[in-house]
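Next up: just one chain, as structure tokens, the form predicted on its own.
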Amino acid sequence: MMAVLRVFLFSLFAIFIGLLFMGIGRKVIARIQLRYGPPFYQAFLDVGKLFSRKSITHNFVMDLGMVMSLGGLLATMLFVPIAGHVAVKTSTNLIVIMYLMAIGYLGMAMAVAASGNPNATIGVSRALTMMLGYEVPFFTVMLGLIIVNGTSSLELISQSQAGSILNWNMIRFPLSFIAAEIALQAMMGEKPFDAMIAPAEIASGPMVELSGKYLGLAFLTHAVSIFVETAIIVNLFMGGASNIFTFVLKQFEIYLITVFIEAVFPRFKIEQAVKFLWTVPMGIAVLQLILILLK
């Protein structure tokens, strides 16, 4: 019973922090672009409104895909150390974490593809292509850190950076951090890597057929993905944290970097995005990997 309650509370916390970051991010982007912007709690209002409305139901596959998407990312969150705590007392293996994240993304792809809308299908194909683009450099970064630490446990990698800011992998391996940050920008679907939604081209792509509770679930899925992805970077490069406030503050710092880039950069075409990801961050990650192997 306590384990179920623990999982439930961790899930609520991830959703809350993710929605809070989304709201603050929209406000920051608005101020950078000389607009007033919505209040920081707007994401909570949006989710409440969407779950109170009727939804257009397409078929069982779409229902299953939406649940699979949110469930996959919540399952991923259970394996990610949060201020030294893990929701489920089990392995924090990086390979397992990345595999579960992929299940969440594929669930969303399955759901929106089942809608039959051509814009949604185009968006899904772009998202899966982008996924291939950012996973290669990110896995290369992970490989270097696994070699250095002699383990693929995210928890142990985080603990190995304790004692001083000079022990952080962000300081010790700056090229890996830069490559991971670029990959994170694509992972979160922020500019210049947001070709999969492109409102002016494909009417927001995967979200075009989502309404009511379905769109509300998409909001929650994105909120959890923000929490999980920033938490992975904090553990990999910033030594995690000993308390939850410091951990969330580090997550927010990572998220702000993506928000600042989102506010000022234009959108890549999908082929430009993949080419960029396979050259710039991949090249940086490979260079850092070679330096690690030569030590």
Partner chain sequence: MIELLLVPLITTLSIAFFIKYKRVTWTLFLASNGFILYKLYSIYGMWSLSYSFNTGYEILGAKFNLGVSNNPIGWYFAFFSALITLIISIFSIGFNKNSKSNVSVIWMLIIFSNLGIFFAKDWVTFFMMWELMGWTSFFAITNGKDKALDGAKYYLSLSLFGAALLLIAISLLGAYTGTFEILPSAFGLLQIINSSTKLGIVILLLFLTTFIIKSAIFPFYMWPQKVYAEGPEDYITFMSSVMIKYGIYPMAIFIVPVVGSVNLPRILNTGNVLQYVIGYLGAISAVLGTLLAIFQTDMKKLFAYSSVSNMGYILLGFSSMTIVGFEGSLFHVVNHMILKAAIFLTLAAVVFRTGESEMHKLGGLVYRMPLTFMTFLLGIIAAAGIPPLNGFGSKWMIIQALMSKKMVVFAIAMIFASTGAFMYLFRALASIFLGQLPDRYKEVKEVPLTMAVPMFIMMVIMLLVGVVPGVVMKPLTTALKAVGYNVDIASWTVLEGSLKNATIDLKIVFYMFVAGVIISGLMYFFGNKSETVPQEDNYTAGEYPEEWGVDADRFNYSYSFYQPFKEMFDPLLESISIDDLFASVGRNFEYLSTTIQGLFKRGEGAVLLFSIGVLLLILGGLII
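Positions refer to the first chain, counted from 1. A quick note: this is a predicted structure, and the numbers were derived from the prediction, not measured.
Below, we refer to the form predicted in complex with its partner chain, which is not included among the displayed structures.
At a distance threshold of 4.5 angstroms between non-hydrogen atoms, residue 162 is out of contact with its partner chain in the predicted complex. In the predicted complex, its partner chain lies within 4.5 Å of some heavy atom of residue 106. In the predicted complex, no heavy atom of residue 252 sits within 4.5 Å of its partner chain. A residue is said to contact a partner when one of its heavy atoms sits within 4.5 Å of a partner heavy atom; residue 85 fails this definition for its partner chain in the predicted complex, lying far away. The three residues 11, 74 and 95 all sit with a heavy atom within 4.5 Å of its partner chain in the predicted complex. For the candidate set 188, 131, 178, 171, a heavy atom within 4.5 Å of its partner chain in the predicted complex is found for exactly one residue, namely 131. Here the chain stands by itself, but in the predicted complex one stretch of 243 to 251, 260 to 268, 225 to 233, 66 to 74, 66 to 74, has heavy atoms within 4.5 Å of its partner chain. Along 119 to 147, residues 119, 121, 122, 124, 125, 128, 129, 131, 132, 135, 136, 139, 140, 143, 146, 147 each place a heavy atom within 4.5 Å of its partner chain in the predicted complex.
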